[in-house]
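Before any questions on how it binds or moves, here is one chain, the form predicted alone, in structure tokens.
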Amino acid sequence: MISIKTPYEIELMEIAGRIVGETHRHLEPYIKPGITTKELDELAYKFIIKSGATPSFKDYDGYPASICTSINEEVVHGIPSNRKLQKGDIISIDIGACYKGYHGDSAWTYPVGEISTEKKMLLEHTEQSLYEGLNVIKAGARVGDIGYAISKYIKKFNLGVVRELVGHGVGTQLHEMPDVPNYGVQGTGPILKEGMVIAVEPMINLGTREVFMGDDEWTVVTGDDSPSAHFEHTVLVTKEGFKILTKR
């Protein structure tokens, strides 16, 4: 069932989303060669707790950390560890925060120092594809319109759109209905209604769209070891458009 949020619920979700965005801003200056992903996780945990929220991902289905840190060919769900970031890496950081029972969810992919031209292109177009998807959102549009807009844009650059992983509704549960794929057919799928809250999150690969599960049974990696980027915002559907709840 797809839930429509009340004004009170939206108010709480705006706070949760703001905490997520602020956590991203807090981490960004630390994303440099030499820092470990575990250190980034600890920084995020302390910031979220200090902000009056709890990390949404911690212990979610057994996930062992507060954030997801996915490097280079890792698409999503990379587990923080003692691995140090190196110059030329890209890292996708996915952050969730729960405030008074309501979640915010946002991922962003960051360069670590100077990165290659190909990785710059990947980040640029993946981020733009997020906004291509968001810009079709309004009451009366359909979920398929979002995926169509994302994949139409990405197709021009011969990049791979991951299909096995999708966006989703957000609320008292981190993942709610509807699923929001990053591909689709215009005019199909559930109708978007004012008061719905969804996370749109294109995951785009520099090479093949194929992915597989890593040995830790969490980290998803590209099928050809090509770099992958991930950008995500939680948004409120409004009568005329949308409102980003996880602004950075």
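The model shown is predicted, which means the values in this text are computed figures rather than measured ones. All residue numbers refer to positions in the sequence shown, first residue = 1.
There is another form of this protein, the form predicted in complex with a small molecule, and it is not shown here; the text below is about that form.
Asks: Is it true that F57, H77 and E201 each have at least one non-hydrogen atom within 4.5 Å of the small molecule in the predicted bound form?
Replies: Yes.
Asks: So which of C68, L192, V180, V197 gets a non-hydrogen atom within 4.5 Å of the small molecule in the predicted bound form?
Replies: Contact with the small molecule in the predicted bound form is made by C68 alone.
Asks: What is the one choice in K119, H125, R142, H168 with a heavy atom within 4.5 Å of the small molecule in the predicted bound form?
Replies: The residue from K119, H125, R142, H168 that makes the contact is H168.
Asks: Within a 4.5 Å heavy atom cut-off, is I115 in contact with the small molecule in the predicted bound form?
Replies: Heavy-atom contact with the small molecule at 4.5 Å: absent for I115.
Asks: Can you tell me if L174 lies within 4.5 angstroms of the small molecule in the predicted bound form, counting non-hydrogen atoms only?
Replies: L174: contacts the small molecule in the predicted bound form.
Asks: Can you tell me whether Y45 touches the small molecule? I mean in the predicted bound form, with a 4.5 angstroms heavy atom cut-off.
Replies: Heavy-atom contact with the small molecule at 4.5 Å: absent for Y45.
Asks: Heavy atoms, 4.5 Å, the small molecule in the predicted bound form: which of 206-214, 32-40, 60-68, 182-190 makes the cut? Say which one.
Replies: Single hit among the candidates: 60-68.
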